[in-house]
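What follows is one chain in structure tokens, specifically the form predicted alone.
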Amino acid sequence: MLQHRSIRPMLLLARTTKARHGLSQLKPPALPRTPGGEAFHARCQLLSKQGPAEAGWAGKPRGPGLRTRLLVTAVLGAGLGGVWLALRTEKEKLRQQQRTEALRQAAVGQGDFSLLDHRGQARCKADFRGQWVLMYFGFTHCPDICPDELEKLVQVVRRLEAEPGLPPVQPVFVTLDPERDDVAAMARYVQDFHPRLLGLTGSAEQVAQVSRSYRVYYSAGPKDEDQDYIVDHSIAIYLLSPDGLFTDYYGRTRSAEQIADSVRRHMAAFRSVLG
């Protein structure tokens, strides 16, 4: 009885093993072939080898590369920048023409003058014909403003002298204090600024005439115990064209660089009206 019970489990185990072996020998049923089945099978194999990102982008068309986009952006930016600069240049040119015309209508610097330079030679307006002139009105006893403005005028002249393609500019200093600023005093004063700075003086009537012509205000103040006095006057640097015409003026707030830039623009736009 004991022997029968021990044999039966062994027989059941053997049968189970055989059954599993038989199942392992079975083959899965073949899939039915359809048109394009081979291509679908190859596609599945390709996707099984690719990662998710590669599989997702494989069928999408690629746009232009980063370098191409940057190049297109740069070209468009350069084109827009060129248009903006051209419009700005044209606007500045028109503004300058309007300003020049308005200054001419103001009738500043009309008529002639007769003065003496710091060498004692007679000078008139026609002597500066054909030259660009920067002119300043002041007096040699001025404590600070006149020296500063003359130094600025000289800086402008030096800036323009450094550019070989530009015509020379003649610096001129006209006194508003003929009582003290005679020829000798003017000679001593101008030598401290620029070798080509020309000092002009004359009689009280001659100085009054030239100051009226350029709309320059001046008035001598009261004298102190040392007979010293200050001359109150308008402060401006005048630009004359080679035609001898008043072209522009620059106040104290304008720097040497700004004045030099303005003179360059006037030189570039200049067309003689005298033939």
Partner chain sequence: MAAPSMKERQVCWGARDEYWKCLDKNEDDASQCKKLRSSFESSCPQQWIKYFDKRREYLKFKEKFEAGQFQPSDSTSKS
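Positions refer to the first chain, counted from 1. Being a predicted model, the structure only gives us computed values, none of them experimental.
Omitted here: the form predicted together with the partner chain. The next part is about that form.
This chain is drawn without the partner chain; in the model of the complex, the residue among Y136, F113, F193, F128 with a heavy atom within 4.5 Å of it is F193. Annotated contact segment (heavy atom within 4.5 Å of the partner chain in the model of the complex): 221-229, selected among 66-74, 237-245, 207-215, 221-229. Within 4.5 Å of some heavy atom of the partner chain in the model of the complex lies at least one heavy atom of C142. By the criterion of a heavy atom within 4.5 Å, Y189 is counted among the residues contacting the partner chain in the model of the complex. Put simply, E151 is close to the partner chain in the model of the complex: some heavy atom of it is within 4.5 Å.
In the model of the complex, the partner chain sits beyond 4.5 Å of every heavy atom of R264. Contacts with the partner chain in the model of the complex, taken as any heavy atom within 4.5 Å, map within 242-259 to R252 alone.
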